[in-house]
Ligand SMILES: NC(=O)C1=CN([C@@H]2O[C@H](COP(=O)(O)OP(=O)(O)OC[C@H]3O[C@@H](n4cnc5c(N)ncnc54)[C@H](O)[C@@H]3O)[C@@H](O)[C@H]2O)C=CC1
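Before any questions on binding or motion, here is one chain by itself as structure tokens, the form predicted alone.
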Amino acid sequence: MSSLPTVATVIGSGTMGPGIAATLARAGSTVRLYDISEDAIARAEAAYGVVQGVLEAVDSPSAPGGSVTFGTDLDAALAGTELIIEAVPEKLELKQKVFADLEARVGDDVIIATNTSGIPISTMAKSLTVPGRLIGMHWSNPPHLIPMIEIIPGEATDPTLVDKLAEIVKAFNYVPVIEKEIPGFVENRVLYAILRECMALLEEGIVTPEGLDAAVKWGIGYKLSVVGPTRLLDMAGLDIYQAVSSYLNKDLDNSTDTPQFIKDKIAAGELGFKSGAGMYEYGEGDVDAKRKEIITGLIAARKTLSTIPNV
């Protein structure tokens, strides 16, 4: 018997919503994607078509019976649901309001999973009437292409939900990573540790953005996409790690604030893709072309890596 919910609801149709909904539907669930905004729902429907094309490109298995509907009627979106995935903006007060609206409309046995990327699960759970039903389910962006999900129970989370959610994740062929609660969770902590050192190297003028991207993409990313960090230590030798880390760790950046040059770019309105300038400059059409290039690369990598044993 499948561990997948027959009916699932995704609350929030922004960046992550269409990809999450498509992934579940592809596996056979009936999914309702809800948002308060008609415009947001229209954008989500358009994005969903693109996401479906990507899932076809990565040869994602398609089970019968799956579907996605889009709407602004919350009661309709929640009717008969077994799993709610909250994917609204990262504002504690907003999430707490959403949870209150959800709990007023569903039974106590309905799981509420939050896709927060950093707000503590235990903090959010304090506003729920049934705090044991809340659990972290952190998808990585783009959610329909990155087949790994972090599962994070809070202090009050019902322990049985951890295994139950892990089985749901496995049912749509993703890898569940069960973690203890910690700010940023595992993926973002490792990512931001890398980014901190990268920004320090740029600020000190050690390397150009182009050189940095090449070094990390091919020297680190290529390797780590096949061999995880702990396996890499075994491959290199723990004695080698001790020898290098004993002097290099002392020299690594340990700043606790955002670098000033990043703050200056933000103040100048240079935010990246969304503004046409950031770490790089983008001319007309460049951002769309770069997005397409990135998705194409992720599709190729996913198809290749799916044939390589895990970890």
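One rule holds for the numbers: they count along the sequence shown, beginning at 1. Just so we're clear, the structure is a prediction, and the values are computed from it rather than from any experiment.
The same protein has a further form, the form predicted together with the ligand, not shown here; the description that follows concerns it.
Not displayed here, the ligand is kept clear of Phe172 by more than 4.5 Å at the level of heavy atoms in the model of the complex. At a distance threshold of 4.5 angstroms between non-hydrogen atoms, Asn141 is in contact with the ligand in the model of the complex.
Among heavy atoms of Gly221, none comes within 4.5 Å of the ligand in the model of the complex. In the model of the complex, the ligand stays beyond 4.5 Å of every heavy atom belonging to Ala79. This chain is displayed alone, yet in the model of the complex one of Ser37, Asn249, Ser67, Ser255 has a heavy atom within 4.5 Å of the ligand; that residue is Ser37. Proximity to the ligand in the model of the complex, defined as a heavy atom within 4.5 Å, singles out one entry of Ile111, Val98, Ile151, Ala125, which is Val98.
For the three residues Ala200, Thr208 and Pro259, a heavy atom within 4.5 Å of the ligand turns up in the model of the complex in no case.
The chain is drawn here without the ligand; in the model of the complex, the stretch among 155-163, 236-244, 87-95, 126-134 whose residues come within 4.5 Å of it by any heavy atom is 87-95. Of the residues in 96-116, those that come within 4.5 Å of the ligand in the model of the complex through at least one heavy atom are, in sequence order, Val98, Asn115, Thr116.
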